[in-house]
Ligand SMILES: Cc1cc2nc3c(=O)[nH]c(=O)nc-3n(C[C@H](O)[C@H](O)[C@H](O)COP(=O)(O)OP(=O)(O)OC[C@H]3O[C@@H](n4cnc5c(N)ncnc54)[C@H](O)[C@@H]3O)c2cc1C
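Have a look below at one chain only, the form predicted on its own, in structure tokens format.
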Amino acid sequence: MKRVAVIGGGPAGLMAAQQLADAGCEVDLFDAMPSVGRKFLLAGRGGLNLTHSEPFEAFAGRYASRRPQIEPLLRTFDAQALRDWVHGLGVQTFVGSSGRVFPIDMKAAPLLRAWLHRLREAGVRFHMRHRWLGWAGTGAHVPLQFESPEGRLTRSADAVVLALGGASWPRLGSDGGWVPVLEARGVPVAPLRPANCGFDVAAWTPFFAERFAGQPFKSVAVRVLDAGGEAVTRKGEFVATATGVEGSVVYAVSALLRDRIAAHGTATLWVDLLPDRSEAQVLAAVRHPRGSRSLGSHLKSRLGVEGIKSALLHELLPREQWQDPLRIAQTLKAAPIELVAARPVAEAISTAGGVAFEALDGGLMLQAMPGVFVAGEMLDWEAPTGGYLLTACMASGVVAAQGARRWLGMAAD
């Protein structure tokens, strides 16, 4: 029986282990943490978003410049295949109003328990608190080296699947420690960068930072410029932090913001505080006679602008411009927030960068290291939240397992 070592107990590694065990391989799964699936469980705290129900063409388009590399993985294991797999574990799913797909109970823990039960029944052996250190030598097929509670160990395998994650949320196990190990073996790795992340502003006033940190901007639209100078708009909400901004609609454009900061030093997030009203409607409301009311009371009465939205106007408009209805209306429709830095990668939901696809064959095997396969967030890709991250991670686990089976001379579908 062929023995395969899977290193990393996140969704990509677990899926690879399942595929290999179901095909008759002897599978050992190693992870540095005391238990597997820690980031998976964290992602499910607010409701586990498994995937998205939109048509395949739109779904594949979410991977932007990496679509050519990710689409073949999705054609092997797409959103419907993921839902079918979940149903096979006895967990039913539903499609939310946004098109996102969730387990009926919204929780990650029951799904993970069912998955682990299936893996153990298939014979997968779990080795916890085993931190991978690389290989115990420089030749081909040398043993793997681990730091374990029993000290330094070596383990042999006929094939290896690496699924060690990126560098976001390192306390959950993915710390990017594998980068120098692979680079030392001649594997090209793009620098790991934050994705689906928050940003720091040039400066909030102390009053705004202390009074409004943690409060949401609800029902807004944001606009950013892409690398070609074209405007990209998304509607949703985000949150002010003590140093900047974060939240779902910011994450949706975070790659554009991050890359623009890298290219130009800063990026502007234009916020439409009243996306359901036209510029003409907003200007007319601002110009409407207000009698003895203060401007703040007037904007609240006519436009519903209050709280953090009103505070943002005060942040951006000098006192003398509060007498200019046109300037006020323009700011309500396009409030410019200057961003100067992405938050550190350790705080990000996911990471961009990783093992270059050019270093892999179609089965995700490292060309420089035959018999070694790579899956999940270790690969150089990124995607917005909404189920796209999890789907592609699991699809890559399926493809890496199929590649390993072919390498081992076993038939792969």
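Start at 1 and count along the sequence shown; that's the residue number. This structure is a prediction, so every number in the text was calculated from the model and none was measured.
Unshown form predicted in complex with the named molecule; subsequent notes refer to it.
*Asks:* Does any part of G387 reach within 4.5 Å of the named molecule in the model of the complex? Heavy atoms only, please.
*Replies:* Yes.
*Asks:* At 4.5 Å between heavy atoms, is R260 in contact with the named molecule in the model of the complex?
*Replies:* Contact check for R260: no, nothing within 4.5 Å of the named molecule in the model of the complex.
*Asks:* D31: heavy atom within 4.5 Å of the named molecule in the model of the complex?
*Replies:* Judged by the heavy-atom cut-off of 4.5 Å, D31 is in contact with the named molecule in the model of the complex.
*Asks:* Even though the partner isn't displayed, in the model of the complex is S174 close enough to the named molecule, meaning a heavy atom within 4.5 Å?
*Replies:* So S174 counts as contacting the named molecule.
*Asks:* Which of 90-98, 105-113, 298-306, 165-173 has heavy atoms within 4.5 Å of the named molecule in the model of the complex?
*Replies:* Contact criterion met by 165-173 only.
*Asks:* Which of M369, I349, A359, A60 has a heavy atom within 4.5 Å of the named molecule in the model of the complex?
*Replies:* It is I349 that has a heavy atom within 4.5 Å of the partner.
*Asks:* Could you work out which of M365, I70, A43, V355 is the residue within 4.5 angstroms of the named molecule in the model of the complex, going by heavy atoms?
*Replies:* Of the listed residues, the single hit is A43.
*Asks:* Considering only 5-34, what residues come within 4.5 Å of the named molecule in the model of the complex, judged by heavy atoms?
*Replies:* If the 4.5 Å heavy-atom criterion is applied to the named molecule in the model of the complex, 5-34 yields I7, G8, G9, G10, P11, A12, G13, F30, D31, A32, M33.
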